[in-house]
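Below you will find one chain, with nothing else, as structure tokens; this is the form predicted on its own, and questions on how it binds or moves follow later.
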Amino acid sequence: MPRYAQLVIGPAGSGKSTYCSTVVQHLGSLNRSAQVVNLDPAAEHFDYPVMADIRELIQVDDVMEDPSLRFGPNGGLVFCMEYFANNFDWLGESLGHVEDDYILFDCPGQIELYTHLPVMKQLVEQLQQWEFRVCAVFLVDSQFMVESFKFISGVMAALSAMVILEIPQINIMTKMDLLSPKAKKEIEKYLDPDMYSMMEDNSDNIRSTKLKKLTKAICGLIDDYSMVRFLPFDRTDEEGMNIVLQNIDFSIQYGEDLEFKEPKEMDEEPANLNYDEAFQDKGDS
């Protein structure tokens, strides 16, 4: 039986820990079990129970306080993640091996981990060796995406992660519940954007001819190949959360190998018929 994993990634402040907490609670309401692994060595607190915490292996504060290293916050975090990559055995022991595992990995927010450093790619390959079907869930704060050029920046960050990780990826706009009604209406056009129209609407803001050509090329890449699309995530909207989970489950083929379960009995007579007993009665007669 395969195991399943969401690699929850995205910029700092995009709501990764809140997403993990909300999804675990929502899955519980659907009678589905899920576990969370904290992979942020700089995390201070989170409101969900963890099955494994990277801070038991290494912490950013310890690295920064080491006089032989003298790292700052960013350098310290990169050092921690590289140390983690050299000690995947710790993660393997923490995870154990339970069939049909469904695990959310709450990852750090340093964007360089998903753009040019190999650590997260190495983690994906290790999880795949452990028979995990892995999906990246790239989060971006919807409050950041309400302007065209910021949206394009978020799309490029998501695209970089797709290229580096080479796994199915679901892109999500978080914190939709914090937007004003006006902002919610405004952001709808970014969920399924027409990049060429967006480019024309903002062409007057770009004075450089070279930058106009570059922006047009980027918009064309995104629009022509439909490479990046976003789903809205409102933690107060159960139907919206179900849509997000359905997309993720489809990308990792969750449920295809689960054992068949008998349908619940209905009040109608045919549904209450026990076919084993029926055939037994025929054999006795």
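In this text, all values refer to a predicted model and were calculated from it rather than measured experimentally. In this text, residue numbers run from 1 along the sequence as written.
The following text describes the form predicted in complex with a small molecule, which does not appear among the structures shown.
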Item checked: Any non-hydrogen atom of Asp177 within 4.5 angstroms of the small molecule in the model of the complex -> yes
Checklist line | Gly76: touches the small molecule in the model of the complex, heavy atom cutoff 4.5 angstroms | finding: no
Notebook entry, point to check: According to a 4.5 angstroms non-hydrogen atom cut-off, is Gly109 in contact with the small molecule in the model of the complex?
Noted result: yes
Next item on the list: Evaluate Arg55 for contact with the small molecule in the model of the complex, applying a 4.5 angstroms cut-off between non-hydrogen atoms, and reply yes or no.
Entry: no
Checklist line | Site test, Lys121, Arg133 and Asp249 vs the small molecule in the model of the complex, non-hydrogen atom cutoff 4.5 Å | finding: no
